[in-house]
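Before any questions on how it binds or moves, here is one chain, the form predicted alone, in structure tokens.
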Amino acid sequence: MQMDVFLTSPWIPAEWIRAHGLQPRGIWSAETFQHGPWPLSAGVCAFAEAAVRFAEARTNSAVIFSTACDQLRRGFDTAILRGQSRAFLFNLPATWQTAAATQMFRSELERLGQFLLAIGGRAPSPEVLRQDLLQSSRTRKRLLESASASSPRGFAEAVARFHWDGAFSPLQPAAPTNHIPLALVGGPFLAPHWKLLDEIEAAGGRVALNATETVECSLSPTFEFEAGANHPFDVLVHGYWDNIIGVFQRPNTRLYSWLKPRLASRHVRGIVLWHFTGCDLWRAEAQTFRETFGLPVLLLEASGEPGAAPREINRLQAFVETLR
């Protein structure tokens, strides 16, 4: 039986995990991840805390933390102190415009590979990796092609399934509505929060673009082989590193370049900025979003309940009403 390796970021390549004979899982797709209210300490990111608690309960699995934010980095330290011996901290460079940053990402993948071997993985076969990259690329493309025409909840569930086991789930087209098109942008979007998409529709809106970290923008990696001549590891490195859409990067211009044409093509009229408690990275973008895209922005805080908290729903309803 393959060991589960849970990833806390979509920018940690799942294909590299599979190449080592292990089963990558997007931690945000787990049904048992963040179940029930969070007993938060002041200023603690709820996602990071949930990742630590999940790691505590899954000592027979591995959990890969990332340095995409300070809270996840500290979460790794806490998981180690609490007895999770199969935790790994993957360093995601914050800068991306230099050859040194690319080399650092490559080195981190090599270091991750050594960790995977140490916990029972096998040495990756270039051909196995190549085939997995091609399959993953096809699945990502099919999901992206269905993004704008699928129901918001159905699309979120299909992407979560992909991050859980790499599979493609056929999507039903969305029913025509006259609801106001919105963009949902921000941090990880967990299974318990899919209800928020229904709550937005009940308020008269529709998520035309789900640009949270773990939904549409997480599908951006692409893997291009030139007549089969490229080494699969090189393709993996550049397929991810050249296509990360993250708020943590400096400068984070790739996030804005990715958002701008999609906001326009889907006729988005307002942005719901989804963030976890203590996530200053996303909160800090609110004013820049307003100035760059000329759209109203609603800051919506993730709660420990399915969907949004009642007070957040009231704010959401008022926001949609102002756009009518």
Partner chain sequence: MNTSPRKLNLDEWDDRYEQLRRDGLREAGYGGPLRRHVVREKDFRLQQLQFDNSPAALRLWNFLLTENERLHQARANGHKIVGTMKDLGTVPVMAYALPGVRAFYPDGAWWTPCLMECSDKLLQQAEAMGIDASFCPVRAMLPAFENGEHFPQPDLLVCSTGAVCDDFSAIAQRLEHLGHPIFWWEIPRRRQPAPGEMACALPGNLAAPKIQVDCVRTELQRIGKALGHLAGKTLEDDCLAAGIRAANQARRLLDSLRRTVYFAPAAPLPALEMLVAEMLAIHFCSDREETIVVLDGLLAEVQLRVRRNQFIVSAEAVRIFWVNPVADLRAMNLLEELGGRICGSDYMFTHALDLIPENLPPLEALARTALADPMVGPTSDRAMRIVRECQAGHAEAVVVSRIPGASHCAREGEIIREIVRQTIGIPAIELEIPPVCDALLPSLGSRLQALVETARDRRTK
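Residue numbers count along the first chain shown, from 1. This is a predicted model, so every value here is computed, not measured.
Here the subject shifts to the form predicted together with its partner chain, a form of this protein not shown in this document.
(message) Given that its partner chain is not shown alongside this chain, does residue 107 nevertheless sit within 4.5 Å of it in the predicted complex, heavy atom to heavy atom?
(response) Taking the distances in the predicted complex, the answer for residue 107 is yes, it comes within 4.5 Å of its partner chain.
(message) If we define contact as a non-hydrogen atom of the residue within 4.5 angstroms of the partner, is residue 251 a contact of its partner chain in the predicted complex?
(response) Residue 251: yes, in contact with its partner chain in the predicted complex.
(request) Check whether residue 31 has any heavy atom within 4.5 Å of a heavy atom of its partner chain in the predicted complex, and answer yes or no. (result) Judged by the heavy-atom cut-off of 4.5 Å, residue 31 is well away from its partner chain in the predicted complex.
(request) Report whether the minimum heavy atom distance between residue 84 and its partner chain in the predicted complex is within 4.5 Å. (result) Result no; residue 84 lies far from its partner chain in the predicted complex.
(message) Within 4.5 Å, heavy atoms only, one stretch in 160-168, 71-79, 178-186, 215-223 touches its partner chain in the predicted complex. Which?
(response) Selected stretch: 71-79.
(request) May I ask whether 52, 89 and 93 each come within 4.5 Å of its partner chain in the predicted complex, counting any non-hydrogen atom? (result) Looking in the predicted complex, the three residues 52, 89 and 93 all sit within 4.5 Å of its partner chain (heavy atoms).
(message) Just to be sure I understand the contacts: of 122, 195, 231, 111, which is the one whose heavy atoms reach within 4.5 angstroms of its partner chain in the predicted complex?
(response) That would be 111.
(message) Which residue, 283, 58, 266, 269, is the contact with its partner chain in the predicted complex, using a 4.5 Å heavy atom cutoff?
(response) It is 283 that has a heavy atom within 4.5 Å of the partner.
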